[in-house]
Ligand SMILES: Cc1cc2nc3c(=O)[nH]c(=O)nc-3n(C[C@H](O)[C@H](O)[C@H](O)COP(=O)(O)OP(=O)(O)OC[C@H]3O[C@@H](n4cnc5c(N)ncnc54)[C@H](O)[C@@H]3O)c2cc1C
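Quick setup: one chain, the form predicted alone, written in structure tokens, and binding and motion questions come after.
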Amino acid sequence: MTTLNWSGNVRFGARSVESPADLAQLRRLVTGNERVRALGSRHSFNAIADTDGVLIDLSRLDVPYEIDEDAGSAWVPAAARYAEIAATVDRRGLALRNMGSLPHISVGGAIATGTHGSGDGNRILGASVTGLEIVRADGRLDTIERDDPRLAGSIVGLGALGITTRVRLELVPSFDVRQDIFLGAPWGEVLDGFDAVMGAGYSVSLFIAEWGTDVVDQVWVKTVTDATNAEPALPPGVTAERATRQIGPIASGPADSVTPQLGVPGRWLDRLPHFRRDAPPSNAGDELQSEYFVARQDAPAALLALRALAASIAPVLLVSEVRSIAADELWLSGAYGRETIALHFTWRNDPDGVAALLPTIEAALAPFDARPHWGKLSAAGGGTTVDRYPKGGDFRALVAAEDPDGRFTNPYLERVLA
């Protein structure tokens, strides 16, 4: 059996991939195999989902949506992609508070790895979770509710606690968003007004094609529209040109896969992601990714440290993105306990070149306690030890309690839990 991840840099070692159609089949697969792991949308860039046992693809599992409009919440299948969830809840006049760059990823995989959207007032995607249904190692279906102290440790669960079948998401009333793109903002002005720049909209992204130039190539500002119809702008003191055409994160590439820009208002689900629901990203699959989370107050210094590495970064970089994330209390969230800035790297599909560079990147970011994304590449092979997190010891104990025989373990987990 040959199963690859999204970018083709990980070849899974499972002896089979199974697609149960109902909970009874899923329970039998879990209890009947020594090692099992859930397989999401395969968008992780390391071996977090791998196993030498059985991979379980939940895309055929018959689990229902349950939308409670009065409560503003919905139970959704863990295998559902954000694009599907967004369209489903929007038809009921509801919305997700935030979305990631790609609407193509599954909710189960996104929350398990601590994946995020962006915005000063927006927490990671998993912070909208108010309930989980999980098949445990002994085959029982366990429901974890908002008042269960295990929930904060189970959302970013790395697949270590069981097979998540459904997720309950907190929703808000549907809303409209516009996107405005600003080009060539000088680095000095951006760093001097960093907090104001990152707070210029509901969600703000800085895109950097070359770390050694004098300007931030693009600033994407997503703004919730209101009755004032005020035109968004960068804060005073930051000079940049407003884009007059659709543009992708990689400015030289095609822009047909990005969501509508140029200040044209539209529904949240067609503006919050960078990429359209009905089209793959322009560079889909032919890339690698790394990401690091630093405390917001450390971000300007961390950015300067990366700029000092511009010559080393340039040969393998496609584009970098900088986003803000609100603090949360999820045990293994990159934003646990601190207002956070995410430093994202989309690399050329050059595994050896990226592997050689990552120790240098991480050494430069070490003074800022940079936490690597659990599902992307790091010098250690992805993620980090849970002991880098204040609640890491509690997470290790939770894994021992819920999976004492290591049915859901793999070499990745053995390393991060060691």
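Throughout, we count residues from 1 along the sequence that is shown. Predicted, not measured: the structure shown is a model, and the values here were computed from it.
Beyond the structure shown, there is the form predicted together with the named molecule, which is absent from this document and is the topic of what follows.
Among residues of the shown chain, Asn122 is not one whose heavy atoms approach the named molecule to within 4.5 Å in the model of the complex. The named molecule is not drawn, but in the model of the complex it has a heavy atom within 4.5 Å of Ile105. Although the partner is absent here, Ser101 is a contact residue: one of its heavy atoms lies within 4.5 angstroms of the named molecule in the model of the complex.
Taking the partner from elsewhere, Gln179 is found to have every heavy atom lying beyond 4.5 Å of the named molecule in the model of the complex. Just one listed stretch, out of 388 to 396, 373 to 381, 358 to 366, 27 to 35, contacts the named molecule in the model of the complex at the 4.5 Å heavy atom level, and that stretch is 373 to 381. Residues Leu39, Arg42 and Arg323 are all found to lie within 4.5 Å of the named molecule in the model of the complex, as judged by heavy atom distances.
Residue in contact with the named molecule in the model of the complex (any heavy atom within 4.5 Å), chosen from Leu96, Ile163, Val238, Leu343: Ile163.
Residue Gly109 is the only one of Gly201, Gly153, Gly109, Pro249 with a heavy atom lying within 4.5 Å of the named molecule in the model of the complex. Taking the named molecule as it sits in the model of the complex, the stretch 45 to 63 comes within 4.5 angstroms of it through a non-hydrogen atom at Phe45, Ile48, Ala49, Leu58.
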